[in-house]
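What follows is one chain in structure tokens, specifically the form predicted alone.
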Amino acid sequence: MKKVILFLLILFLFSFGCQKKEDVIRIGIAGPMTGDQAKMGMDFKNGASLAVEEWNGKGGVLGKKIEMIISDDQHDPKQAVSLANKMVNDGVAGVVGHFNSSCSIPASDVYNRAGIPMITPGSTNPQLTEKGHRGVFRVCGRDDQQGRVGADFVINYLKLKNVAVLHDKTTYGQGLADEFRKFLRSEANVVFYGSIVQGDKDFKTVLTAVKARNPQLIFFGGIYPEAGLLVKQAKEIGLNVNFMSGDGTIDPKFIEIAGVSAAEGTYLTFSPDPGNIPSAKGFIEKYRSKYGETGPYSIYAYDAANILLAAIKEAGSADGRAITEKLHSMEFSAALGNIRFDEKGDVTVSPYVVWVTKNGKFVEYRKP
């Protein structure tokens, strides 16, 4: 009897060891899926999901189905690092994410050690690609580019001289605010420079201090939950000046929080309207049919996922280092147009334009 049991045990272990590996290729999707920035995370998830569904509908990649591992970092850097380690252990071939620069930068260290590429749809802080990690890419632009466009608009189009600068103390928010401030140079005066705390709800104290300095414009580096409240509360205390922010604010939630009337006339820096890009038409139609209106970063997540999967296909392998080399060497046909990465992992062309809020919607600014 003991010999029979031993034989069966050996047979089981042999069979288990010879089992074929799971017939899937995993990719990670990381962003704030819950909490006050969940809208951005869900836009990421939906955009990437649409790309994966299209690939799986055509048989997947390398003859295998693609499986997404959705990770909610709650825009918390520590949570982002924890999830990055988990995704590495789960065997992802690459990652689409994260959204916040404060999450992407520490998480990139984890992916770099593991040799796994990451493509962020929305992290714009220059530090991310300045660290020298070969497997780090972004399909969006950088804050030094965005800050220059915003400052140029204030100086040359609005022709303002006195500016207040606020930020939310995050890697993204303070980084963008400082880039904007830097490019003002001596052509405009920063009459107030200060910060708020992300997650707070009452900013009237700092806005009262801003009002006392008589600025002609407030520039805010941060995300839409706080931007909306700043605009709303500025109006409530009689601080009726121009307001400008960046890509983290250009979401319908900003208008919802601020109110249509208070948001009217606010300026935001972002990339051109995808609705005017012929190659984006198919994506927009499919996305709206499945999920409703596109978010600002839906198309970026869609392109990031498609680029990652195309690199896996061309590499002929799910090995992260092989995929990374393809990401560096290829030009990708994307919904946003042709995309190529430079040696740092930045896109070689990253246009920013100014948008303005009109009648409860964002429209590209056109000089009168």
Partner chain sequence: MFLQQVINGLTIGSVYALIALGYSMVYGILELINFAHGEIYMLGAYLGIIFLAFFTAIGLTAYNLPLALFLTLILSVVFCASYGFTIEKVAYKPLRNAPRLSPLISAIGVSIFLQNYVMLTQGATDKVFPHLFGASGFQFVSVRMTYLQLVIILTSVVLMVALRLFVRNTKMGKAMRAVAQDKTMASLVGVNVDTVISVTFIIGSGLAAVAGLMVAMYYGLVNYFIGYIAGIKAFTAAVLGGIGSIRGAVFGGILLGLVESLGGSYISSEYKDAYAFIILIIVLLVKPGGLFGRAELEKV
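Positions refer to the first chain, counted from 1. Just so we're clear, the structure is a prediction, and the values are computed from it rather than from any experiment.
Absent from the display: the form predicted together with its partner chain. The rest refers to it.
Asker: How about residue 200 - does it come within 4.5 Å of its partner chain in the predicted complex, if we only consider non-hydrogen atoms?
Answerer: Within the cut-off, so yes.
Asker: Is residue 152 close to its partner chain in the predicted complex, meaning a heavy atom pair under 4.5 Å apart or at it?
Answerer: Contact with its partner chain, no.
Asker: Tell me, yes or no, whether residue 160 is in contact with its partner chain in the predicted complex, where a contact means a heavy atom of each within 4.5 Å.
Answerer: Residue 160: no contact with its partner chain in the predicted complex.
Asker: Answer yes if any heavy atom of residue 35 is within 4.5 Å of a heavy atom of its partner chain in the predicted complex; otherwise answer no.
Answerer: It does: once its partner chain is placed as it appears in the predicted complex, residue 35 has a heavy atom within 4.5 Å of it.
Asker: Can you tell me which of 224-232, 272-280, 125-133, 180-188 lies within 4.5 Å of its partner chain in the predicted complex, counting heavy atoms only?
Answerer: That would be stretch 224-232.
Asker: With its partner chain left out of view, which of 116, 87, 119, 258 would have a heavy atom within 4.5 Å of it in the predicted complex?
Answerer: After the contact test, the surviving option is 258.
Asker: Work out which of 195, 216, 79, 294 lies within 4.5 Å of its partner chain in the predicted complex, going by heavy atoms.
Answerer: Of the candidates 195, 216, 79, 294, 195 is the one lying within 4.5 Å of its partner chain in the predicted complex.
Asker: Which of the residues spanning 239-253 lie within 4.5 Å of its partner chain in the predicted complex, based on heavy atoms?
Answerer: Counting only heavy atoms within 4.5 Å of its partner chain in the predicted complex, the single contacting residue of 239-253 is 253.
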